[in-house]
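A single chain, nothing else alongside it, follows as structure tokens in the form predicted on its own.
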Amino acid sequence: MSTAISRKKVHMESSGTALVVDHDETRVTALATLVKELGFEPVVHTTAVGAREFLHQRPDLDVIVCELDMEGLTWDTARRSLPELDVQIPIILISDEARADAMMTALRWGASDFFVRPLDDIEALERSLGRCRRQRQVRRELEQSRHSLEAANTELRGTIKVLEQDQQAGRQVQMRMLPSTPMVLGDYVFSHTVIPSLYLSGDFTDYFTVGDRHVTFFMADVSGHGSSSAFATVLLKNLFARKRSDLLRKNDETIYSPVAMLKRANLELMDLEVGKFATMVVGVIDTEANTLRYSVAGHLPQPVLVCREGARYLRGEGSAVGIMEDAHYEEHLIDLPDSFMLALFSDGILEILPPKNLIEKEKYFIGVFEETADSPEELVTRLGLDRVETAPDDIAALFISKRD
């Protein structure tokens, strides 16, 4: 061995650390010397117990060079012990005998390489040690990547938790922005249901008295879902509240005009510059004259009026608000029946109706009203809203009823 060693270039600096294990002190000393000359810093142990205790300390080793027929060590035991230690260090086995069964057993148990004494082919051993060092380095890098990913995942979970808390808080705020339900004004009853697809909803509805005899209401379905759409509903809520206040403070009667309100909503959404638009229905009920003044801004399904004569859509045209500056809206004025129910839904309702296309959905939708229109609660049940656990889209419903 010493002759072979003398032919090798002695490395000046260690390129790795090797645990050298053999119960024969003469052989382990010679092997440690050879390992050192091949560029590795040897750590020598002459007992299996000592080597195992050393591994328990989780040393930063590149390779283990070990005698195959080590006293006090059976490789069947080692095969079970090394995973318990979570040791993933490549192992090179050395033996005095070139027994095929021993070599196959060693390789099957996870040894990276196998050499037979005398170690004449030193370059082969050097290449093997180099492969083990590179393999170990790759495992170190993978381990670092795993730790980095775990740290990133931990940070991400924390961020998601904070976002969920923010969303839950936002949802509570949005729910509190909705009007009380039901709101009873003489013979008129106003009620609503909002089912968000996420924590926050892009659908919103509101109704409030204006003066002694009018009630203004609106249904808005903002494009998209989540926080940005919910913020747009806050803007609309604020707009209607401001115009209601302007009536009292400035005698500004914009709040009585559905078309004027849609134009204001159109301009304010465009000024927001967040790429959001909304379909809307705005209406004003005169409770003394029992009339409805309303405008539709691209909203589907259109409002449904149900009375003794049956159910029908209230027609109206106009583009959604927030798309074009010079949008045009129609205003309609109708006399309401003595007893009626007016229902407004956001388009999320169409997503849960059984028919596949829009025309069939609208037929199915109006059919439900013709079959079941005694109360909003029955309609909610008939349409399955009380059974929706995860809505594919936000769903909002506004009901206005009058009984003579």
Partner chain sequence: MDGRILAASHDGAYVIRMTGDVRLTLCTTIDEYFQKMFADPGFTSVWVDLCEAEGIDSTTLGLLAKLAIKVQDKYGFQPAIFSCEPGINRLLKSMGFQRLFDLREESCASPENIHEIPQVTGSEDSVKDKVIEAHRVLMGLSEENQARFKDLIVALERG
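The structure displayed is predicted, hence computed values, not measured ones. Residue numbers count along the first chain shown, from 1.
Unshown form predicted in complex with the partner chain; subsequent notes refer to it.
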Name the stretch: of 253-261, 216-224, 151-159, 101-109, exactly one has residues whose heavy atoms fall within 4.5 Å of the partner chain in the predicted bound form. 216-224
Quick check: do Ile323, Asp326 and Leu358 each get a heavy atom within 4.5 Å of the partner chain in the predicted bound form? yes
Considering Tyr294, Phe277, Tyr188, Phe240, which brings a non-hydrogen atom within 4.5 Å of the partner chain in the predicted bound form? Phe277
Find the only residue in Asp286, Glu317, Asp121, Asp246 having a heavy atom within 4.5 Å of the partner chain in the predicted bound form. Glu317
Glu67 versus the partner chain, in the predicted bound form: is there a non-hydrogen atom within 4.5 Å? no
Using the partner position in the predicted bound form, report whether Ser197 sits within 4.5 Å of the partner chain, counting heavy atoms only. no
State yes or no: in the predicted bound form, is some non-hydrogen atom of Glu362 no more than 4.5 angstroms from a non-hydrogen atom of the partner chain? yes
Asp338 within 4.5 Å of the partner chain in the predicted bound form, heavy atoms: no
